[in-house]
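Take a look at this single chain, the form predicted on its own, given in structure tokens.
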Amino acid sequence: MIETNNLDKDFKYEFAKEHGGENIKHCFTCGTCSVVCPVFDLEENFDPRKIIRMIILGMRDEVLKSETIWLCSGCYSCYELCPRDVKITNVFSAARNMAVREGHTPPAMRTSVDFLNKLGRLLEVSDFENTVREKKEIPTLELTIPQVKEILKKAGIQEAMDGGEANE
């Protein structure tokens, strides 16, 4: 049941100003996006129509705190077939961007950023890997890349992650 006193009547307008959300109000939930979506076939909680409806209704918290906005695979099947040019893949990118700005990040993103901060890459390179590389006459790699931490900080990614930790 939808609690009408919790709806944000301006959410769809704010969303439409977000890059990727420009055509959100054009959607008339025809279902084309769901029919061609490979994630919809595999994940029962993922329904692009439902998420768009929630955006239009003003269910801000339910959308931005939802784990389902992170499930879109970015295959662009829906993007190409939408009769109203809603560009569903971009809608999900817009929702994710808004969610991160408001401090709602999925655990996998937090883990990735933690690895990037610590190592400068997503996978650890050990002395063992470098020994193997040397034996194969491949240049060795630095164990960490400290410049990545600075890039994350300057790009505001670390700040978004810190905000997400405080808000979850």
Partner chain sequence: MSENRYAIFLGCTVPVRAFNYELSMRRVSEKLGIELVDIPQFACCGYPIEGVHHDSSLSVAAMNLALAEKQGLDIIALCSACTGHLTKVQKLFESEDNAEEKEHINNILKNLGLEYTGKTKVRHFARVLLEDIGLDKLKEAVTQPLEGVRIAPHYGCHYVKPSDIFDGFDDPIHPESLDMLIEATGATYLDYKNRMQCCGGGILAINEETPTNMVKAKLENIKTVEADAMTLICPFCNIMYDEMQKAIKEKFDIDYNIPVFFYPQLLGLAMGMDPKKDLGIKKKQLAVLLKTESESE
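Numbering follows the first chain given and starts at 1. Predicted model only: the values in this text are computed from it and were never measured.
Form predicted in complex with the partner chain: not shown, discussed below.
Just one of 47, 102, 61, 129 comes within 4.5 Å of the partner chain in the predicted complex, counting any heavy atom, and that one is 129. None of the heavy atoms of residue 56 is located within 4.5 Å of the partner chain in the predicted complex.
In the predicted complex, the partner chain sits beyond 4.5 Å of every heavy atom of residue 14. In the predicted complex, at least one heavy atom of residue 133 sits within 4.5 Å of a heavy atom of the partner chain. Interface residue remark: residue 38 is counted as part of the site for the partner chain in the predicted complex, having a heavy atom within 4.5 Å. Along 56-81, residues 67, 70, 71, 72, 73, 74, 75, 76, 77, 79, 80, 81 each place a heavy atom within 4.5 Å of the partner chain in the predicted complex.
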